[in-house]
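Below you'll find only one chain, the form predicted on its own, shown as structure tokens.
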């Protein structure tokens, strides 16, 4: 079974217990306005252009079959109009400065597990394992299921980071093979959730109730974005849903602007360019709010 992966990171300590390897699946059904990994959204490998690396050698310009690359003020400009469906990627091959790369790679389950297995000694010594992230790993269910089965055979602890937007049957299949779900609750108001993520919230809440009814190990994760996800009404709604589903663990993830340049690099518009990094003081207030509700809350 093959799947599309855009990154594999080692020695992570914030995405599940112990030392972990993070496998990032490419492709997500949501379009969260604050997403810090926009290269994870599209399901296909895509071109990524780094202007700071470009030395204007003209190699890519000369070889682009669609002439989407043109001279700019200090480097080249890129329209990305035809890049998504371009099969040659000759511009990447001809760029010797690394200014053009492809984000995303088709890999077999065996290839991924070959990389993961190198870290088994770290898992055993720290109680760690593998976390499948994204994008949305549940959007590549067959690939994910095969990886989970490999992990079970090797005795590796597994976690899935998910937006909750998935088919219930997919959840049912991965349940026996998943040690921990890191489950996003972003916005509970239906209109606001649709406006800022592009999808209705109903499925997210239904799937959470389904998981919780089976007493799975679930940690709720909440992105903190000023005046969008951190309103009193939204925090209260998240608290109510956790209480309703008998959930206790919650992690707050303050928004940071480190991913803004990625939008330019892959040629898409960033909606929240005027929003600043989330202040720690406000994150601490949100943490205290949830603790007052009797929940175990941490700031990532």
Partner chain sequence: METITGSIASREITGKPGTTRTGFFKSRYLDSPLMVDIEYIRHLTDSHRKTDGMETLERRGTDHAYALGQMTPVIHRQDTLAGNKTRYIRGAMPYANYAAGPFLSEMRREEQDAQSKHAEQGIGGGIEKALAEAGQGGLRLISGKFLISSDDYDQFRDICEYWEDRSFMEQGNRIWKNHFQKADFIENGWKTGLYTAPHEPCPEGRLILDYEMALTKGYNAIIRETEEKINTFHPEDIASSARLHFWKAAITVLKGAEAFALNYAAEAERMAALETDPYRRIELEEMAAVCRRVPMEPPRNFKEAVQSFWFTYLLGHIEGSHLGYSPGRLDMVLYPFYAADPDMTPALAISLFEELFVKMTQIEYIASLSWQGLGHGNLYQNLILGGIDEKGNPISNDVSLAILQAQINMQMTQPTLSVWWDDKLDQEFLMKAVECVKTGVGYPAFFNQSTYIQHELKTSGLPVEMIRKHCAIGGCTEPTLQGRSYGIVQAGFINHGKIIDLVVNQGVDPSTGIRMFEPRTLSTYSEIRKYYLDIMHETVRNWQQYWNFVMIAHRNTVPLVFCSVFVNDCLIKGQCMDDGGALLNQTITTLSSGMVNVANSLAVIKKLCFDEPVCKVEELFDAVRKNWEGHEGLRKQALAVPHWGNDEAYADDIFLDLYNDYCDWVQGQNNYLGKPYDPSMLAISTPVPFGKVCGAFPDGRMLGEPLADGVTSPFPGTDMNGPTAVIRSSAKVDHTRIRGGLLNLKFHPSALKGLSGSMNLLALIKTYFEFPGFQLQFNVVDSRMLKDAQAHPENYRDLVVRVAGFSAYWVEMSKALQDQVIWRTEHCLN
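Numbering follows the first chain given and starts at 1. Bear in mind that the values here come from a model prediction, so they are computed numbers and not experimental data.
The same protein has a further form, the form predicted together with its partner chain, not shown here; the description that follows concerns it.
- Within 4.5 Å of any heavy atom of its partner chain in the predicted complex lies no heavy atom of residue 184.
- Remark: residue 122 counts among the residues lining its partner chain in the predicted complex, judged by a heavy atom distance of 4.5 Å or less.
- Of the heavy atoms in residue 93, some are within 4.5 Å of its partner chain in the predicted complex.
- Among heavy atoms of residue 19, some come within 4.5 Å of its partner chain in the predicted complex.
- For the candidate set 203, 84, 105, 118, a heavy atom within 4.5 Å of its partner chain in the predicted complex is found for exactly one residue, namely 118.
- Checked against its partner chain in the predicted complex, the residues 126, 88, 149, 217 give one hit for a heavy atom within 4.5 Å, which is 126.
- Residues within 4.5 angstroms of its partner chain in the predicted complex, judged by any non-hydrogen atom, belong to 95 to 103 and to none of the other stretches in 159 to 167, 131 to 139, 95 to 103, 175 to 183.
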